Each structure stands twice: as C-alpha cells, then as structure tokens.
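Below you will find one chain, with nothing else, as structure tokens; this is the form predicted alone, and questions on how it binds or moves follow later.
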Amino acid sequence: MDSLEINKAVAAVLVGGIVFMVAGLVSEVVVHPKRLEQSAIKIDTAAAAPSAGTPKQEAALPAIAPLLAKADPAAGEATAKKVCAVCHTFTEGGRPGVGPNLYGVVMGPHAHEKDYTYSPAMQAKPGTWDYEDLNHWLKRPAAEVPGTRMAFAGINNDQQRADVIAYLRTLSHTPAPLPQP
C-alpha cells in the first residue's frame, strides 16, 4: 500500500469525526428538549415508597429473648455457614477473613477482633454485642451502624436471626447466659 492510500484512509477517519461533531452541534441548536412537569405515565401504587433521602420507618423488631428460648443452634450454624462463612471464620484463634473472626463475639466488645481493621463507625460504637444488639445488627447492619464496611443486606426472618445468635453464643468456652423470656 502506498502513502496515498494511507492518506486517504486517515482523511476518511478525520472527515467522519468532523461530520459527527458538526452533527452534534447542529442538533443542539435545532432541538430544544423540554422537561415534563409530571410523568407521562401514571402508576397507581398502594403506598408510595419513600425517596432515597427520606428515612424509612421500620417495624420494631420483636424481642429476642422469646425467640432465643426456642432457637436451634444447629439451624443457626447451617445458616451462618451458608450466609456468613463467605467473609467470617468461627474457630477459636481463627484468622479474620474479609470480616472478623466471630468466635467469642456474643457479649464481647464491638470491634472485638484485635487483628482486624474495623471501619471508624464500628470502632466508635460503644458497648458489647449483647443479644438485642446482635438482633438489630443481623437484621440490617448498615442501619445499625451507618458507615460500616459490612456489605450484607441482613437476615429478615426473626427466627433465623435467633438461630444464628444461638449458634454464635456456642462459640465460647463459657457461653453467656440466655436472657429471660
């Protein structure tokens, strides 16, 4: 291929780019889009969903004590191994994964794992992981500790949360006593 053919190819690309640019400029001058004041399609809903900036009113969680009284730690272990084991370990002295090791978490301090770097929001959370706190955390972590790094949506089923908490309770040499229902 000689240089004249190469020049023709480069010129064709440049002319094409210029044509697209000019077409864009002309279209901005010719077409003046007007925003609609209201949606062209009406969708009737029973209850309007809150906008992203509006805090949602959540139903109060049931007390965890009655649920723990009938909780099944074996079912909780199965749920934890299916849902939580992707990021967490459960063995005594186990290394943290993406999330901290959960051995001894019940009644332990928030940010209990020494070899794990917690988010500033979790480091600032005072207190311990009591049963009610775990219940709220497992329901929706981001709502319980805004700014947490944990990207887990939560466990909506009340009894499944209680089962997981009952399992986490067993991960200790001296499990914490269950609350009275």
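Predicted, not measured: the structure shown is a model, and the values here were computed from it. Heads up: residue numbers just count along the shown sequence, starting at 1.
A second form of this protein, the form predicted together with ligand HEC, is not displayed here; the remarks below concern that form.
K.L.:
Just checking whether Leu138 would be counted as a contact of ligand HEC in the predicted bound form - the rule being heavy atoms within 4.5 angstroms.
P.N.:
Taking the distances in the predicted bound form, the answer for Leu138 is yes, it comes within 4.5 Å of ligand HEC.
K.L.:
Report whether the minimum heavy atom distance between Ala74 and ligand HEC in the predicted bound form is within 4.5 Å.
P.N.:
Flag for Ala74 set to no.
K.L.:
Considering only heavy atoms, tell me if Met107 and ligand HEC come within 4.5 Å of each other in the predicted bound form.
P.N.:
Residue-level check for Met107: no, no contact with ligand HEC.
K.L.:
Indicate whether Val83 is a 4.5 Å heavy atom neighbour of ligand HEC in the predicted bound form.
P.N.:
Contact with ligand HEC, yes.
K.L.:
Mind checking whether each of Ala78, Gly94 and Asp163 has a heavy atom within 4.5 Å of ligand HEC in the predicted bound form?
P.N.:
Per the other structure, none of Ala78, Gly94 and Asp163 touch ligand HEC.
K.L.:
Under the 4.5 Å heavy atom criterion, name the residues of 152 to 181 that approach ligand HEC in the predicted bound form, in sequence order.
P.N.:
Sequence-ordered list: Phe152, Ile155, Val164, Leu168.
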